[in-house]
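This document starts with one chain, in the form predicted alone, laid out as structure tokens.
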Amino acid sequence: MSNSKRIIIEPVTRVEGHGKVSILLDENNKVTQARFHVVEFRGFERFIQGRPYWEIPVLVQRLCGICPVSHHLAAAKAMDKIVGVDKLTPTAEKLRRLMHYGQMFQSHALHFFHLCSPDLLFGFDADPKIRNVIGVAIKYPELAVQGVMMRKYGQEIIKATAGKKIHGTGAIPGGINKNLSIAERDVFLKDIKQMLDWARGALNIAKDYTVKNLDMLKPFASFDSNHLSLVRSDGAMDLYHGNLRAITADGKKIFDQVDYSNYSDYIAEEVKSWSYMKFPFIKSLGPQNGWYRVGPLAGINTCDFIDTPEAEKARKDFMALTSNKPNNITMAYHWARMIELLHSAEKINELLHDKDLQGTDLVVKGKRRNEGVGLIEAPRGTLFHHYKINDNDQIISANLIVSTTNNNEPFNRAVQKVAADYIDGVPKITEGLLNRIEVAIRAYDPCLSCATHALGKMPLIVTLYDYQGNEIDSKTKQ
């Protein structure tokens, strides 16, 4: 690569976690390679070995401070299998679902209003001094307040069901450790209509932006791909539980209604030297053609319908954009994410009116097993937790395929596509040009290391070298 120039974007901003992008240019400034690197090592699969299985739902959620509930529940579902439970009590399942929809609601609100809205509201080339959450708060104060209050509402639901807003203890092997009191329920009922209204407004913003800018967004970081998600036995979207379905870019089923306990018969993982994140793929298609997308876009594409009326209407509008064929427009993730946001609000409203939440039958016990798999649709997509234990109740093996990991190959393809479309032949770095690469990554709402990080403490340094390795341009952004 002695005749190559290298552009480095480190870290990628307005995402959860730390990552970098490297782009290689030849002597004619043509892109020869573009990669998205995850530069931190998690190690959770190793250091939880030896711990007793009942600690895992609480311990493993330390992976993340943004989506701990997803890991908490996926691990709890795996531990249900370990303790021999295939079906929870109605109270336990519905409380877990309420916790999960609270998580989906707050996480989607955080991403849309705080992380991606500056790009949508101000444009990719806007001055970075205003293209941030502070700029949103100044020019669109009502939207900024809505984002904060929606996230607060979801976090309070998590606190009521899990015990704490972050790293709670509510889900335990075989069930849950508390119900929802009438007083707690009434607090949430008081504000649910407002949350539904704000969710409708956010959906309209995302929809209108996509439709208005369709000519620009269709090719932007977009490509055909397979899609994977959980679906209910009748084909409905189910963010908490279901079976695996994978489809091709044109909607043909690769596999359907697969018991996720058998995921390893269908999904494999590849390791590459330049990233700490694995590259999953569908075994029957191989690593070259078997990669897939997960998350809101994939969920809308794979399901047959949504079982809440407003979200189902929104799904039909979304699918009409592509004549009911799978939507492979990367920036359509934002629209799909807001459909999930509205669906989560509808589900919260539905559950709050369910008397089972005040039930007292919380835990089921069964015959102990030595292996358990738990899957859930996290805010960023399908999340896999797989554990094996020994006769002393200790974890001896763990495999986690985090939602963002499933999207690893799509990240890289998005970066490659944007780099080829916007950087080829360009001799000088511009901030707006680099931001386009970050916009493409942010569409997936990645949680790069699945760990808690402070935002805005690291500068963005981009350096351009000529083919002889001489620095010819450099920019720093705090």
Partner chain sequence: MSEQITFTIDGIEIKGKAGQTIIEAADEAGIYIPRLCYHPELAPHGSCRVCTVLVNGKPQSACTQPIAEGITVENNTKELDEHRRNLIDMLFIEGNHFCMFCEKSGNCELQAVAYRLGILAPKYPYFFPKKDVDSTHPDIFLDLNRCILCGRCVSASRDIDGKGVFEFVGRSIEKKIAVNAEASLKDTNLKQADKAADVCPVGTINKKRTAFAIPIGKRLYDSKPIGSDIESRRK
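Numbering follows the first chain given and starts at 1. These numbers were taken from a predicted model, which means no experiment stands behind them.
Form predicted in complex with its partner chain: not shown, discussed below.
Comment: 162-170 is the region of 162-170, 121-129, 231-239, 250-258 lying near its partner chain in the model of the complex, near meaning a non-hydrogen atom within 4.5 Å. Taking a 4.5 Å heavy atom cutoff to its partner chain in the model of the complex, the contact residue among S397, N392, N289, N204 is N392. Put simply, of R369, K283, K278, K178 only one has a heavy atom within 4.5 Å of its partner chain in the model of the complex, and it is K178. By the criterion of a heavy atom within 4.5 Å, V58 is counted among the residues contacting its partner chain in the model of the complex. The closest non-hydrogen atom of R35 lies beyond 4.5 Å of its partner chain in the model of the complex.
In the model of the complex, its partner chain lies farther than 4.5 Å from every heavy atom of G425. Contact between P52 and its partner chain in the model of the complex is found at the 4.5 Å heavy atom cutoff.
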